[in-house]
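Next comes just one chain, in structure tokens: the form predicted on its own.
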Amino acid sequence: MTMAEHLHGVHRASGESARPARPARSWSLRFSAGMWIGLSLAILLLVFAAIGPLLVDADPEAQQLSARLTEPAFLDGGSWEHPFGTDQLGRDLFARMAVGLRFSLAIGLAVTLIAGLTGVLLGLLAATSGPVVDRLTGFLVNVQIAVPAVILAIAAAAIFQPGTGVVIGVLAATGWVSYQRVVRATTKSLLASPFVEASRSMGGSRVWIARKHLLPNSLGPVIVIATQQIAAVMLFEAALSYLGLGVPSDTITLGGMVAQGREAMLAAWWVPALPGVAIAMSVLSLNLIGDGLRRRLDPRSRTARS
């Protein structure tokens, strides 16, 4: 062995001994039990909404009065021809619930997207555009909070023809406040951080700083709010449909199925109960997912776990 090789080996050995051992990186998804339950329920509901009508040979709109109020398959007297039974017009509840769940999920996603984009934009503007814009957006927040969503829904139903667009507009107009307040507070605290000051001193524009630093660091709370808002929108849409303020009655929704099943509640409890269970499971799964994401994305929770 030459002197150079010997010195190189000594240097490498001393470097390896001085360098602290790095802990093995774990790639396991260490979610809480509630998070796994929420994910399992969400996957089950998505599969049901996607392929539910294909599993039964029944049209969700077809009426068969000879089979009206058929019991579900899990009750005595039921059959697998109609796994969840039929309503007072003989329509298959299994197929109708799958179609109604599709509609509820679509409404929740559309409202969350519109409200989220609006709230995030207004939150960034309020935090970065000076006191005038901040006070103006604060005034809009106070106005929205002062007007209950039900009152706005009644006014919209009286002015416009009831429909899906009106429901999405009402729910989006009342759902952006949480995003705005969270993004504004997060952005205000980030503006005084060293990396934002460094970007500003290097000539970074306001838009560039917001896009590169402020928005990415605000996405954690936004994702949590979005997950929980989908559940809230589904529940509120069901309530509006139940009150007759939602989409037209010929559109299949879970809330509309509960409202229409009131007439048969005493004779066939499953007609309003099963759509209500689907709503409850959807809200529960999304809330569990949102709570799990909050625990994973909250820096204080990560510090406590470490």
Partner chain sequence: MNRRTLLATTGIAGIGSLIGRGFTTVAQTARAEQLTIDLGTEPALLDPARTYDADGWSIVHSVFDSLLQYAPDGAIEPLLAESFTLLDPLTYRVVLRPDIAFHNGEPLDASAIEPSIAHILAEETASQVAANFAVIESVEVIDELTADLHLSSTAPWLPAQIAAWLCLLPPQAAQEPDFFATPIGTGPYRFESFVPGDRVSLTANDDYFAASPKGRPVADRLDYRFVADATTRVADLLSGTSDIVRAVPIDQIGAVENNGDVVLQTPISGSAFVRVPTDVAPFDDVRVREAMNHAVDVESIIAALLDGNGQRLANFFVPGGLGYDPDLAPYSFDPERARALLAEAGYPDGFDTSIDATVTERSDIVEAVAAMLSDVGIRTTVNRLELALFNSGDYWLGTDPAASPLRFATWRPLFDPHTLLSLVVSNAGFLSRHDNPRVQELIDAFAAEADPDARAQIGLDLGVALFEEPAAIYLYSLTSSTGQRAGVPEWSPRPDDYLIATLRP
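Just so you know, these numbers come straight off a predicted model, no measurement behind them. Numbering follows the first chain given and starts at 1.
Below: the form predicted in complex with its partner chain, not depicted.
Q: L41, A264, M35, V56: which sits within 4.5 Å of its partner chain in the predicted bound form by any heavy atom?
A: Answer to the contact question: A264.
Q: With the partner left out of view, is L121 within 4.5 angstroms of its partner chain in the predicted bound form by any non-hydrogen atom?
A: Judged by the heavy-atom cut-off of 4.5 Å, L121 is well away from its partner chain in the predicted bound form.
Q: Might Q161 be said to contact its partner chain in the predicted bound form, defining contact as any heavy atom within 4.5 Å?
A: Flag for Q161 set to yes.
Q: State yes or no: in the predicted bound form, is some non-hydrogen atom of Q88 no more than 4.5 angstroms from a non-hydrogen atom of its partner chain?
A: Heavy-atom contact with its partner chain at 4.5 Å: present for Q88.
Q: Considering only heavy atoms, tell me if L65 and its partner chain come within 4.5 Å of each other in the predicted bound form.
A: Yes, L65 is a contact residue.
Q: Given the stretches 89 to 97, 125 to 133, 106 to 114, 70 to 78, which is the single one in contact with its partner chain in the predicted bound form, using a heavy atom cutoff of 4.5 Å?
A: Checking each option against the 4.5 Å cut-off leaves 89 to 97.
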